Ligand code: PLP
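First, one chain by itself: the form predicted alone, in structure tokens.
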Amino acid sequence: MLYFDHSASTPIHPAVLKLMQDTELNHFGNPSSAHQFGQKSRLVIEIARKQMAEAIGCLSSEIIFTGGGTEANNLVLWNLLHQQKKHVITSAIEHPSVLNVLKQQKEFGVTSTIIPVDHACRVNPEDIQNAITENTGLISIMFANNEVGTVQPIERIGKIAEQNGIPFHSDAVQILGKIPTNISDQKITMVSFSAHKFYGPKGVGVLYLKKGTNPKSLIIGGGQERNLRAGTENTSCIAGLGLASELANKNIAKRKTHLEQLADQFKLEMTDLYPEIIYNGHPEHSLPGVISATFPAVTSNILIIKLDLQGIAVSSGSACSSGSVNTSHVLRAMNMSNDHNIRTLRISFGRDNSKEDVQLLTEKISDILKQHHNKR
């Protein structure tokens, strides 16, 4: 089976899995307990906190462990209910854990301005500046888009937020291990991460909270995670996240080059085999190894199913369920027609993919396109 869906989830790193197994066996004490068993677990968590902090360039005290990127986004957004200023500026390409929450919050008096993107999936910082009102309490713009890979002008947005005294949150689950990450260089108040996007376990994530940022807890109970995330910590998953974050930054330049080479190879081969292909996203400001490609001759669900039958996993620019194809809100925001929307694939390469894998992928896609053409 060849796997080309790393933007959705990555396979767990063998070293991470081993650490998690060892942690489950040897560090089963409750981290909140005062005895030695509990304190051994507490130490594991604090080591992981330090690893994550070093991976993104911040203080250990600025790291809060969550159940994933979705929970981290929710923690940020639901805090608007405790604020006087309840207007949010966000973009049309955000993850549902941002956009759907904002829809629900309307009944609680939270308002939002949805900033459009251009045809390359980038927001215009001037649109954000112009959307600011005296009631704006948060700007939330994702760091890099999960469907087309476009990286947003985060630095410019951060300066706008700082100049206007507005907290700035970014959903950055896609970036760790793909591009160098130093949060202290950015003027960001809060950042969400998810371990399974960088070869760690599922069900655990991080919310970076800049020093001096004090939100209220989303999950109420005990006093874990500085009173911000109640519930006994998942020690083994947190340990796995910590190691995965450390490994993500090792040889990052080499990994980035590897992913870029795979993407370049795909585009060269696929364009030769199928000149009608259309590539989406920004040509320069983009994550390495993420390709959004439109195949005008065939719908994406046909490609996905037929590739899967041949042991190749890719995903769609749209959500497929029960044999139907729904248009992607990200591609719609880029002003893509519905016809092209449902004919778009996302191919996201990973650390274990090879040139031979890419060659097989392009050949199989070409074969499917030829078969589909011959049946017409």
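Since we're looking at a predicted model, the values are computed, not measured. Numbering starts at 1 and runs along the sequence shown.
FYI, the form predicted in complex with the ligand isn't displayed, but the following is about it.
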Site test, N73, S97 and S194 vs the ligand in the model of the complex, non-hydrogen atom cutoff 4.5 Å: yes
Residue among I115, L209, M142, L259 with a heavy atom within 4.5 Å of the ligand in the model of the complex: M142
Sort through S245, T150, S292, Q174 and report the residue having a heavy atom within 4.5 Å of the ligand in the model of the complex. Q174
Give a yes/no on whether G69 approaches the ligand to within 4.5 Å in the model of the complex, heavy atoms considered. yes
May I ask you to state whether N146 is within 4.5 Å of the ligand in the model of the complex, using heavy atom distances? yes
Out of the stretches listed (78-86, 160-168, 194-202, 270-278), which one is close to the ligand in the model of the complex, meaning heavy atoms within 4.5 Å? 194-202
